[in-house]
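Let's start with one chain on its own, the form predicted on its own, as structure tokens.
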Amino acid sequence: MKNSDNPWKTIPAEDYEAHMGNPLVGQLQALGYITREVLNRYHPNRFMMLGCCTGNGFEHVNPEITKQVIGVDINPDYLKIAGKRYGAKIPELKLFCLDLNEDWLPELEVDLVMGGLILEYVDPEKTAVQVQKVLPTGGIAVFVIQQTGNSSFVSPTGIKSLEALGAISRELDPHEVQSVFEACYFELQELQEMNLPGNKKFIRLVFEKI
């Protein structure tokens, strides 16, 4: 799929936030909670969020601890909103509009990389290689994937623009993700489940680069 054809580039930010924050979905809140927990646990000096969208979770950044935040997303409008919301709070906020299937991350180093619900839309192998390049030995990568149970991948909330995502997403087995990252010199430190509305689950995988 070409970058210009990706539905993520056309979904309005208000649709995304309304869908993800809907009580029938509850994923905006869950991802924000996980981001806060991860930041409080690892206290990174440099933090990168893949698929940062409009900056959900950035409100939990303590700029006294985390000096630099790098946000990556395919949708430039999402990044503009993230910049307006958090640019004043996080002086060293850097935002990059990239398609991880086609583009490469900038050549920089961070202490912690997080990606919530992004591996389902990109090439996990290429993403693992990219993450391996920006993390030093001992760096942490946290990814959240979704398990749908018997429900559809995109929960029905009546917001039509998100329905196109069903055609470009795929559900991942956590052990598949583990194998991909282990091949790039990561070691699994933690695998946790979080129950969500609609019989869905989040699986959180925490890796350390070795």
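Everything numeric in this text was worked out from a predicted model, so none of it was measured. From 1 onward, residues are counted along the sequence shown.
One more form of this protein, predicted in complex with a small molecule, exists but is not displayed; see below.
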- How about residue 122: is it within 4.5 Å of the small molecule in the predicted bound form, going by heavy atoms? yes
- Item | Distance check, residue 132 to the small molecule in the predicted bound form, heavy atom within 4.5 Å | no
- Query: Within a 4.5 Å heavy atom cut-off, is residue 186 in contact with the small molecule in the predicted bound form?
  - Reply: no
- Message: Please tell me whether any heavy atom belonging to residue 128 falls inside 4.5 Å of a heavy atom of the small molecule, as the geometry stands in the predicted bound form.
- Response: no
- So which of 62-70, 49-57, 170-178, 36-44 is the stretch with heavy atoms within 4.5 Å of the small molecule in the predicted bound form? 49-57
- Query: Of 159, 145, 28, 142, which one comes within 4.5 Å of the small molecule in the predicted bound form, counting heavy atoms only?
  - Reply: 28
- Item | Heavy atom within 4.5 Å of the small molecule in the predicted bound form - residue from 110, 93, 118, 82 | 118
